[in-house]
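The chain below stands alone, shown as structure tokens; this is the form predicted on its own.
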């Protein structure tokens, strides 16, 4: 069977069939059994909870009161957010600051480059906020052994989740076996810690988004994620909804890139996201807007 599907991007009616073909082909050619769903994640919410929040955070209900106390709605929204600092110029002082912010606001995690994960793990010790890091970031084009080595080191240093970048070029080439192998190797290297697969959706057509999501699920990922924030585009509600349709209720969907306000967060949750990646996290939970900087 060819590695490519035929014709243009699949329509909504054909989506389920495309996903089934992708997963069946991977299982047949690689002779692997279906991978069970990833572990339950601290900080992830089910669809019913998301629907409740969808009602709660509308019309400014997630803003901080003037007495400085954080509202219950704000606290709930904060638990969706991976507070992110991935810019290459990030300093130690800035990393310390985002960890302090995460403790104050109760964010789901602090997400950093692997060079800082040991520091973040120490700073968040005893806190419900998870230390997590990216792997193969931001291009995804490094070798699989390189991603595996980075993952191993990150886990040893204290990472509780791994956000890996898919090999975008191989995905666009239709080399689905290689994409599966890359994701699966990182999942195994993570030693049971949840792995999110960043698809970089702004670079993909609809067929590639479907294939990337289906392959990630088959390879044992815990989440699919929209974007790095460095790829010329960010999360859209349409992409989040498509990814949710592909992976179903068993996997998480993380919207990342361009989520800068409570309204943005609300739209992504309504579309099916149960985690949000943001560097403007404080602005989001205080009812403001922020440019943010990955």
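Keep in mind it's a predicted model, so treat the numbers as computed, not measured. Positions refer to the first chain, counted from 1.
The next section is about a form of this same protein that is not shown, the form predicted together with a further copy of the same chain.
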Could you tell me which stretch in 190-198, 97-105, 215-223, 165-173 has residues with non-hydrogen atoms within 4.5 Å of a further copy of the same chain in the model of the complex? 165-173
Residue (of 155, 127, 185, 142) lying close to a further copy of the same chain in the model of the complex, criterion heavy atoms within 4.5 Å: 142
Contact flag, residue 78 vs a further copy of the same chain in the model of the complex, heavy atom cut 4.5 Å: no
Residue 150 versus a further copy of the same chain, in the model of the complex: is there a non-hydrogen atom within 4.5 Å? yes
Contact flag, residue 113 vs a further copy of the same chain in the model of the complex, heavy atom cut 4.5 Å: yes
is_contact(residue 90, a further copy of the same chain) in the model of the complex, heavy atom dist at most 4.5 Å: yes
Just to make sure I understand: among 230-246, which residues lie within 4.5 Å of a further copy of the same chain in the model of the complex, judging by heavy atoms? 230
